[in-house]
Each structure stands twice: as C-alpha cells, then as structure tokens.
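Given as structure tokens, the chain that follows is alone and in the form predicted on its own.
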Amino acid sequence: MQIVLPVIGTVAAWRDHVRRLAAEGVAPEAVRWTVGEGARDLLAADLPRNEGRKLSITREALAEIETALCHSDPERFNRAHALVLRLNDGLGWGDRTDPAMRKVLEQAKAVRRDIHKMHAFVRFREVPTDGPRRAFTAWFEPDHRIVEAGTPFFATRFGDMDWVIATPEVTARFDGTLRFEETIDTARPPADATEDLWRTYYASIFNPARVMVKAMQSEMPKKYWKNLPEADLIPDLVRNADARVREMQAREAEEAPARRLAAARAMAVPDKPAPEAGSLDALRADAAGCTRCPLYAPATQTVFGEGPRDAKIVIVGEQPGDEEDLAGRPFVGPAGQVFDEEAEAAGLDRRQVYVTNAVKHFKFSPRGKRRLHQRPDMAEVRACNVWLQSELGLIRPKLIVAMGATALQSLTGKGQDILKRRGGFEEAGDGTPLLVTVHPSYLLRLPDPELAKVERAKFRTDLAKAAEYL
C-alpha cells in the first residue's frame, strides 16, 4: 500500500495514518510512504495484517519520534511506524542498543540542530508594504523539513511585523497568524538599506583576538554564507585578525588602567613619620602588608577601616568592592552610596561612626576588563578576622552593626538566616551588643523596584535603631 503524505502537515497526517493502520492490523513492511505527488492511498484486502490494536506511547516518545519525522531520510516513516508498534509491545523508550531507536534519536538531534541553525542564520530583508505594519522576507535552505517546527519561534519573537520565510519546499507566512504553503517562487529577496548598517555593526563587534576559523565554520557552515550579508566581510576580517590584535596590544600598552595607577599609589612610601605604636594608623600600616590568605595577591591593596578612634558605633560590612579596591577606602562604591543615603535619613552621621569590612581585600573573578565580585569563603573570613578584632579592640564601641552574612559570620560565628535575624540585637564574641541588618549591595541586586523600595525602608529602620540605641 502506498500512502502519500501532504507537504504541509506531514507529521500530523502520518500520525493519523499510523493509528488507522494499527486499528486495521496492517504490518509496517506492507506500507510505502511518500510525500507530495503519488498514487492514491489504497488499503488493499490482501495486505499482510496483524491483529488490530489501539496505540499508546509516552508523550516523550511521541515528541521525539515526531521531531525525527522532520528529517530528510526517506525511510523515516517506516522506521517510526515499526518503532511505535514495538513500543506498544514492551520496548523501553530510549534504549540505544536498539538500532531503530538509536537512529530515531540521532535524527531527532540532527533536526533540532537544523532548527537552531534556522533561528541563528535567517536574515530578514525589509520589503515595501501598504499596511500599517512593517514587512520582511527571508530565504533559507535547511537540511531537513523543519519549517513547520522551526518558524513558531519567529512568530513569537517578531509578532509585531509581517514576514515571509521561504525555503525550497515550504514557505511560512505571518501577518498575525502563521500559515504554511508550498513554495512556488524560489527567487531570493532583494537587499535592503539595513544590510550596510548590519555589516558595519558586525565588523565593529568582530573580536580578532578570539578568531577560531574551524570553530566558526563548524557553527556557521559555508552553505549558509550566501544568504548572510555579513559573510562577504569574514575573509578580510580573518585575514587581518593578527594585525588588529597587534594594534590592540599597542593601544593597551599606552593606556595605564586605573588599577595600575591605584596600585602605584598604594606602594608609594609616604613622606611622614611612623605611626604611634598601638594606634589605628599603626594597625593600618601592619594590615597593608597582610598575606594571611591568597586574596592579597590579585587585589590592588588592603582596604582598612576609617573613622574616629572614639566612635561609639562600628559598622562592619562584608568586603571591599571594585571601587573600594582602587580607592583604598571602604564604602565609596554604589553600596557605600546607598549606605550614606539611608544612614543620613536614619539620623546616623557617618563622620561619627567607624566603618570597616570583615575581609580587607577584594575577592573577584576577572571577566575581560571587568572584575566581578565573589563571596569570601570561610578560610578567608577567618584569616582576616584578626584585623577586625584588633580594630574593635582599639575602638571598644558601644554597638556593632553587622551588615551582611559575611560580617555576621565573622562576628558571631554564624552567618545563616540573616533575613530572619535582621533588625534584632545579638552579641559579638566579646559580648559587645550587635545589631543585625543586610548589606546595602543586597538592595542593589533586587530586580523588583517595589520590593527594593520596601527593603530599603527596612534597612533605614535598622540604621535608625542603631542611632536610637545610643
């Protein structure tokens, strides 16, 4: 029996036919599947038959089989037909020792990769339109029959415009509703004015220091190049990559980064008398050469506390950030600005309190020219605790404000459940009263503006408690 599947809706039609064939008891080897033009669909009386049945397989198996049916392999329909029957006979889904199962899984993977390529390499060109919405068209040549499976992505992504994606067999049209039709016109769409703008942008973001030709061709095979406006730039960009890297290195050598300048200032020997023994200045000088944990090596400098020796309140944060590391002072970055604003609103004068951190060196992970904050681990907190305890021993405050889990861990030995403990009074290891609150950087990380507003108000209330405590 020959079954002719339609070009549009192929997978759904196959599924309906397989249900009917199973109910009639027709064996898979008695069926010849084709797509498009062919002989009439006949169910002959002398076909090999088995006992009729109702099919039932898992959603996972059905989804994977239907994905594999988008493959270009002409044997895919017979293979899937037989596999569905065997799954109903007890074959376990996903068993790669079974040749047919392994083939279906491999072809489903190839189809998903082809869909990914479609999403990555379709290039729309704008065309004139009389309607209120802008209109675009694109030409793409997939390896498999993926148009119906791959284009709903574009309907979601570009739902505010009309577009056409044509392939050699099927064309997708979207004007608020996604429709499919067999391709008649295989002419490529004309270039538009935005292509020059796109080429300029592509050339500007092309990083010559990271050129890997084999990886580029693996991800963007040459078969796609003819439909990519940026493709004609790639040979020259690759050819000149080494020269551009040398130019970048030369420019880098001429520009002293802020970190280098800050490090030079920190290493300069000041022309002033030695600090008095047992003073905060002497302690600061000792801490400047600290090598108690590995954090000292990549950091620019030790960021020690600052404030009056007779301060009644000591504010303890977690660790310096990027701007504090460069400036050599605590709480001068974005989190410090939040602290200053809320402290002033709470009636807490920063000039009358001593501010410091539980860890004195900036821990970070480099990302290009940026340095991303990393949380100190337990060993680093313990190694730095000697400096914090020395500061507290010299100042002898009436109250300590612990901001953040790292500060709480350093002062009490327990940094968990900070949101439950915030606003409460506890005791530091030496018995000094301690007020728990969050670190201002936590407020900066909150994505919800309303939640951030509420949390800032709570933070201000905590600081007001510190001012009232005195």
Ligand code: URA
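Position 1 is the first residue in the sequence shown; the rest follow in order. None of the values given here were measured: they were computed from a predicted structure.
There is another form of this protein, the form predicted together with the named molecule, and it is not shown here; the text below is about that form.
Comment: 324-332 is the region of 288-296, 392-400, 123-131, 324-332 lying near the named molecule in the predicted complex, near meaning a non-hydrogen atom within 4.5 Å.
Taking non-hydrogen atoms only, G150 never approaches the named molecule to within 4.5 angstroms in the predicted complex. Interface residue remark: G317 is counted as part of the site for the named molecule in the predicted complex, having a heavy atom within 4.5 Å.
Residue N357 is the only member of 336-362 with a non-hydrogen atom no more than 4.5 angstroms from the named molecule in the predicted complex.
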